[in-house]
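Take a look at this single chain in structure tokens; it is the form predicted on its own.
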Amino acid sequence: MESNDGNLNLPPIADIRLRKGMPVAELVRQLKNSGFQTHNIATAAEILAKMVNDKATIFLSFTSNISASGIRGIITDLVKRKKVHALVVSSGALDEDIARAKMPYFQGTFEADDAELGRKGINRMGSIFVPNECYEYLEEKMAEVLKKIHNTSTSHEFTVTELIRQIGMNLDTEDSFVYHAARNSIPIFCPGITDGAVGLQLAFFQQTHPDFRVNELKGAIEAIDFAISAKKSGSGKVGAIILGGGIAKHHTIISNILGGGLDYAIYVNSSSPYHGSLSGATTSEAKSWGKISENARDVTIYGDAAVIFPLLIASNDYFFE
């Protein structure tokens, strides 16, 4: 439809119409031409549907704050149902998954007295409160699991991906994406494994077990090989859903550079691109590096992944089959 001045050929802004019991998919479709970031959310849902219909290999990338939040439940279900094919995470995402599988985190506020929280043994992650006991459990569990892995393995050198799989196989709760990834042969790639509580426990364990080794460099090659193999098998298409930024985001896109770049990419960013940081970088910028294919279907959404990701997943029946 043309605008009144006759110079534009663009759709008009459409009012959102809500009704009782409206399906999430219908709401997301209505966001398409309602302005601002809603347009990008609807576009992302369309790209996600294309990714699914084309049977693309799907990378899901996220950081520790996502794992600490209720979004972890969605990720666990996706892994359990084999709806994603690889995870790329920060070390802290492993921490929060293993700890929360057994211990509760609490809904707090951003305006808390942090000094008072510290005196009470509570760690604040935004508006999520994490008691010290959660990390004490994590330390004890990791010590137990690593000892068992060491005692039952013929080799004591592991890639990061293999070690995470071994950890998952030795967890005793199904409320964990690490647990389900191990059993469903879904690799978890974790660059910078030492930057978190799990990584510290690996370092401490090596002090008393000097033959225990984690080969981080080989883990990087595993991620690249996985992406290249995905390009050569099945539909030959690879997509990524990237929540947040940092090392997990970059590892996802750089692992795909040798295969010609991602064919589909959905970024959910809360950072600005104007400082040149990778966390704020757009999908368009990644095309200049070849990390996303020039002809890829892609979108960058600026917003809170804790709000946007549930909308995207709930809008597509594939993820519940």
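Numbering starts at 1 and runs along the sequence shown. Everything numeric here is computed off the predicted structure, so don't read it as measured data.
Omitted from view is the form predicted together with a further copy of the same chain, to which the following refers.
Trainee: If the criterion is a non-hydrogen atom within 4.5 angstroms, does every one of Phe129, Gly196 and Ser277 touch a further copy of the same chain in the predicted complex?
Mentor: Checking in the predicted complex: Phe129, Gly196 and Ser277 are all within 4.5 Å of a further copy of the same chain.
Trainee: With a further copy of the same chain left out of view, which of Met142, Ile74, Ala230, Ile188 would have a heavy atom within 4.5 Å of it in the predicted complex?
Mentor: Here the answer is residue option Ile74.
Trainee: Although a further copy of the same chain is absent from this view, report whether Ile41 comes within 4.5 Å of it in the predicted complex, heavy atoms only.
Mentor: Judged by the heavy-atom cut-off of 4.5 Å, Ile41 is in contact with a further copy of the same chain in the predicted complex.
Trainee: Whether Val52 contacts a further copy of the same chain in the predicted complex should be assessed with a 4.5 Å heavy atom distance threshold; does it?
Mentor: Taking the distances in the predicted complex, the answer for Val52 is no, it never comes within 4.5 Å of a further copy of the same chain.
Trainee: Does at least one non-hydrogen atom of Glu46 fall within 4.5 angstroms of a further copy of the same chain in the predicted complex?
Mentor: Judged by the heavy-atom cut-off of 4.5 Å, Glu46 is well away from a further copy of the same chain in the predicted complex.
Trainee: In the predicted complex, is there a heavy atom of a further copy of the same chain that lies within 4.5 Å of any heavy atom of Glu136, even though the partner is absent here?
Mentor: Taking the distances in the predicted complex, the answer for Glu136 is no, it never comes within 4.5 Å of a further copy of the same chain.
Trainee: Taking a further copy of the same chain in the predicted complex, which residues of 166 to 183 have any heavy atom within 4.5 Å of it?
Mentor: Sequence-ordered list has one entry, Asp175.
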